[in-house]
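One chain comes next, on its own, written out as structure tokens in the form predicted alone.
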Amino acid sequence: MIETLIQLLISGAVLGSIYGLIGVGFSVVHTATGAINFAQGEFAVLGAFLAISLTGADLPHFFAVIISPIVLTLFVVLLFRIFLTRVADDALYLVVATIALSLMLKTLLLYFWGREPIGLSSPFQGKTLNIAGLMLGYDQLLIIAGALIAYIFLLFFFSKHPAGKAMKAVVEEKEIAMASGLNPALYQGVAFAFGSLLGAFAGCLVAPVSMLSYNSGGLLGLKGFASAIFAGLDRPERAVFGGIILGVIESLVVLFVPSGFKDVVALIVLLIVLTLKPEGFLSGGRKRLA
């Protein structure tokens, strides 16, 4: 029983790391724009599918996982420059625009990759690490490592780096930021690019361990959003831990209810947080939701 419980905790931490990476994308965009990017889940699926196509073209797995997020990020930068810059100053219009973007990306995913779920082949598939009888796949280790690296980078970026501080300033004190010579559109575009990069990276990490389809973005996005809300949208780096907590709760739920109900956990957590502490349980205390 103890071994089963520990295995569930590990599985939950692995899945939660994916949710956390996607949740960071939500928080970063909200930090710079005050809006919620509802296309974040589709970024994850599109990043995974691009990597799958690249490996299908005989590109090594390592390069596919690197190139796919970069290509998607450049695509998002172009989209933001052409379409979203005009509405980036109004959080409500930007939210509506990201909903439209989500629907557009879902249609493209269906058209180019079809309805059937697909996965990303990995050189680490089937390779596991046995620690005192507990099995942990190499791909799972990569997911946890990726989440921790993202946390360390974000912690430094938003607390120490001038660009991270400026990204927060353009939405919290826009007039002062502009008077100081900051260009809000630049930092808003950077936030969208960074969010899409993290989303695509998360998709590339999860694809070897879980099959994805064209409509997987909705569920991934919901869980990522719940992770960001749980941690607090004002602290993007903490979304990683919000995701891990959510993943662990989701895994433990199967001990008490049928596994088919575990996907409802994210929605329940979201409702509880919004009801009891909308600024987030891991937040610095500022209550700011678009």
Partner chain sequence: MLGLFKKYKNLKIVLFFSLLLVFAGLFLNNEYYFATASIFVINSLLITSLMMVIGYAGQISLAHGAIYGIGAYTSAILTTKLGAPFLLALLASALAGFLVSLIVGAPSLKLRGHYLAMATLGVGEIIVILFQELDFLTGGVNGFVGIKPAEIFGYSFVNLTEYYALVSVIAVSILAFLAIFVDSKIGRALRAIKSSEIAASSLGLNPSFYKLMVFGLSGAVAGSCGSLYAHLDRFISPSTFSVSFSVMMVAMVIVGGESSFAGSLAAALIFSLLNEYVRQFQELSQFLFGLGLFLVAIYMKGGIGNIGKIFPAKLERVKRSEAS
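Quick caveat: nothing in here was measured; it's all calculated off a predicted structure. For the two forms, the rigid core is made up of the largest set of C-alpha atoms that agree within 1.5 Å on superposition. Positions refer to the first chain, counted from 1.
This next part talks about the form predicted in complex with the partner chain, which is not shown.
Figure note: of the listed segments 146-154, 86-94, 67-75, 196-204, the one touching the partner chain in the predicted bound form, with heavy atoms no more than 4.5 Å away, is 86-94. At the 4.5 Å threshold, heavy atoms of L59 stay clear of the partner chain in the predicted bound form, well away from it. The partner chain in the predicted bound form is approached by L108, whose closest heavy atom lies within 4.5 angstroms of it. Mapping the unseen interface onto this chain, G232 counts among the residues with a heavy atom inside 4.5 Å of the partner chain in the predicted bound form. Although the partner is absent here, L50 sits far enough away that none of its heavy atoms falls within 4.5 Å of the partner chain in the predicted bound form. Of all the residues from 28-44, those having a non-hydrogen atom no more than 4.5 Å from the partner chain in the predicted bound form are H30, G34, A35, I36, F38. With the core held fixed, the Cα of L274 is displaced between the shown form and the other one by 2 Å or more.
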